[in-house]
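Taking the form predicted alone, here's one chain by itself in structure tokens.
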Amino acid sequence: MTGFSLDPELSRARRIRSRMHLSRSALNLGLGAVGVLWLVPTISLAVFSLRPEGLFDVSGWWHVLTAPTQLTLHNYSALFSQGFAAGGLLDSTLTSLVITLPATLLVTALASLAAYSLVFGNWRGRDVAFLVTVGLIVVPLQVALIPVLELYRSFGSLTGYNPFGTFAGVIIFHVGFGLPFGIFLMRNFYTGIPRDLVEAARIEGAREWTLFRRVVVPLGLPAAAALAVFQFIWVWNDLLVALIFLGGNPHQTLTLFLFDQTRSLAADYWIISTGAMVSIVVPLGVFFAFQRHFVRGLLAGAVK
């Protein structure tokens, strides 16, 4: 009886594995190169913020590779030494946090409640309300600036309190424009929650608030985290709304602080680069803190 050798098949399998390994290595190298190129502007900004003020007009940031002793924390210490004086870096950072955190928490909480009502509530007009909400997403923010200013003025004439120029006015505007997308995101996520689970809890005697707090909210945590990250970054990086609705307020946001530096004729680049790095660090910290939930919320429903 004549047998047959497996050597040709084994050799072929090894060649296929070798090609796959080479292809994977080439792909990883290509992605790594793209990632490095993508990080070059951020790296240059970080180096600028760590170089002395006198070197900005003398040499480029890449000269630090040959003279790393140029790096110093003097720029940060000079800005932080101003403390919380109005218009300073620390005061602007605190102002941005005071505006961003309530706007993020309110949008996340209200959008979750509205989405629960749209998905698990039994009332007429739910579909119409959802379509109207989706339609509001396409309304440009710039279109509503003048109407909201008029609304604030009318509200001030009636009540004696005009939200224009206050933190509350900026927060209300961000909440109003963040809710349509937040409701859309949370509603689409809640539709994936089995209705039998909610009905079983209702049969057990659970009230709506208990259902929302103990059943739906824990299951919807990934979507809520994704929405919170989106809303935080949008509000934190906002310039237009703060520029208009904080008029006359001595406390400005971090984006306004950087804007005032860039529009001056003699721009202090060391202040701009240092402030820009501070503005980057905060949203990066928020993203990495909620990274796991953020990715789960974005991928929810992608694979059934």
Partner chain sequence: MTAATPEITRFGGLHRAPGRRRRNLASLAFLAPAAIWLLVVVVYPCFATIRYSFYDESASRFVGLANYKAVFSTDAILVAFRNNIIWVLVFPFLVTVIGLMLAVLSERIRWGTAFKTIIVMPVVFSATASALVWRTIFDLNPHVGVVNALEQTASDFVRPPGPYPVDANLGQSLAGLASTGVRPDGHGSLVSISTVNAGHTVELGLIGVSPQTLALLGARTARAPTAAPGVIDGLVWRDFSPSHPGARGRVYPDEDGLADLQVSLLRTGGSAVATTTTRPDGQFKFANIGPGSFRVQIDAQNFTSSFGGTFWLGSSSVTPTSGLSQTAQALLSVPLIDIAMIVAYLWMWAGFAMVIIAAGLSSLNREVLEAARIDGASEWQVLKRVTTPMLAPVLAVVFVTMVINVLKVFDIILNMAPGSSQAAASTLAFSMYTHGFEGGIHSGLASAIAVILFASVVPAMAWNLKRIRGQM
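Please read these numbers as outputs of a predicted model, since none were measured by experiment. Positions refer to the first chain, counted from 1. If you superpose the two forms and keep the largest set of C-alpha atoms that fall within 1.5 Å, you have the rigid core.
Keep in mind the form predicted in complex with the partner chain is missing from the figure; the text below concerns it.
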query: Residue 163, heavy atom within 4.5 angstroms of the partner chain in the predicted complex; finding: no
query: 4.5 angstroms heavy atom contact with the partner chain in the predicted complex for residue 289; finding: no
query: Residue contact check: residue 101 to the partner chain in the predicted complex, 4.5 Å heavy atom; finding: no
query: Close approach of residue 44 to the partner chain in the predicted complex, 4.5 Å, heavy atom; finding: yes
query: Interface segment, criterion being heavy atoms within 4.5 Å of the partner chain in the predicted complex, picked from 68-76, 138-146, 91-99, 220-228; finding: 138-146
query: Every residue of 61, 130 and 280 near the partner chain in the predicted complex, heavy atom within 4.5 Å; finding: yes
query: Single option in 215, 185, 193, 206 placed near the partner chain in the predicted complex, where near means a heavy atom within 4.5 Å; finding: 206
query: Any residue of 170-185 that, in the predicted complex, places a heavy atom within 4.5 Å of the partner chain; finding: 172, 173, 175, 176, 177, 179, 180, 183, 184
query: Core superposition between this form and the one not shown, C-alpha change of residue 42 at least 2 Å; finding: no
query: Post core alignment: residue 52 C-alpha displaced by 2 Å or more between this form and the one not shown; finding: no
query: Is_shifted residue 237 between this form and the one not shown (CA, 2 Å cut-off, rigid core); finding: no
